Ligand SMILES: Nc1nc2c(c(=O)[nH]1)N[C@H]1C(S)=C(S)[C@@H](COP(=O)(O)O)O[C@H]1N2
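This document opens with one chain alone, in structure tokens, the form predicted alone.
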Amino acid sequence: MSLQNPQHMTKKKVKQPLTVEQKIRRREFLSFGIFGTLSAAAYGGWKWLYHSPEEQAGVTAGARAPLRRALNKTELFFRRLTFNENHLVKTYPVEMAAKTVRHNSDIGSEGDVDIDQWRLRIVRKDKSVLNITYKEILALPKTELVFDFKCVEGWDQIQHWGGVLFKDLLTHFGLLKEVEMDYVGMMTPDEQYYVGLDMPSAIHPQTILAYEMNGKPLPAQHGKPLRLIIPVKYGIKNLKRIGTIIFSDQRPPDYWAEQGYDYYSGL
């Protein structure tokens, strides 16, 4: 057997390393490709959601059905896996609280109210009604809270509130059977504004029925004589001028959930 002549052997091509410019162009190509793919997917998802049917109107309304299902599953996740009474919002020194508290809306709390005539109306589980006066509420232990109030519109503000812990009021007036239920509903005296709350959030150790703002009685535009301050929720759940409180094992009506917002609205 004769050996091949080295002169007739095919020379193996040596792969040249990419230049810096070529590397940059390759990265740009990959980046634009990925961006284009993700953009197309996002547009397709938006188009699908936009043309999907709206949810059936009820306690919630105004949202696309797939979105509402996602919001409901998110609520269950937070309620079952992450939320507990040790989940406390950050508090601040009184000196950091805003001197002028931001005011958004007067739905259900327009004008003034006669404190002597006002009553907090609580509907018990057996449908009997408990009427509580302003003086009776003032007689209960007072809790002060300075926290960062957050609005779904994107703004936030450190605010100072004072009042009675909601769970203390329930205990004082013998409403422990009501605590065993799943939801709390609150509404203004004229029933124009109303919120629904899951019970764990309602009896959270930082949830108060406030009658003071910056150490003074509530002004009319901020819920005189009594309003809800629930720091684990966005501002749309912080009902001003409470008139009636109910309890239920089903979701009570909620003003903004009927407009398409998340029912839970937790932080």
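For every residue, the number given is its place in the sequence shown, counted from 1. Keep in mind it's a predicted model, so treat the numbers as computed, not measured.
This next part talks about the form predicted together with this ligand, which is not shown.
K.L.:
Name the stretch, out of 130-138, 99-107, 177-185, 164-172, where some heavy atom lies within 4.5 Å of this ligand in the predicted complex.
P.N.:
Every other range fails; the passing one is 99-107.
K.L.:
Quick one: is Ile208 in contact with this ligand in the predicted complex, heavy atoms, 4.5 Å cut-off?
P.N.:
Heavy-atom contact with this ligand at 4.5 Å: absent for Ile208.
K.L.:
State yes or no: in the predicted complex, is some non-hydrogen atom of Phe147 no more than 4.5 angstroms from a non-hydrogen atom of this ligand?
P.N.:
Taking the distances in the predicted complex, the answer for Phe147 is no, it never comes within 4.5 Å of this ligand.
K.L.:
Is Gly235 near this ligand? Define near as a heavy atom within 4.5 Å, in the predicted complex.
P.N.:
Because a heavy atom of Gly235 falls inside 4.5 Å of this ligand in the predicted complex, the answer is yes.
K.L.:
Residue-level contact is defined here as any heavy atom of the residue lying within 4.5 Å of this ligand in the predicted complex; does Lys224 satisfy this criterion?
P.N.:
Lys224: no, not in contact with this ligand in the predicted complex.
K.L.:
Please pick, from Cys151, Ile158, Val113, Val89, the one residue with any non-hydrogen atom lying within 4.5 angstroms of this ligand in the predicted complex.
P.N.:
Answer to the contact question: Cys151.
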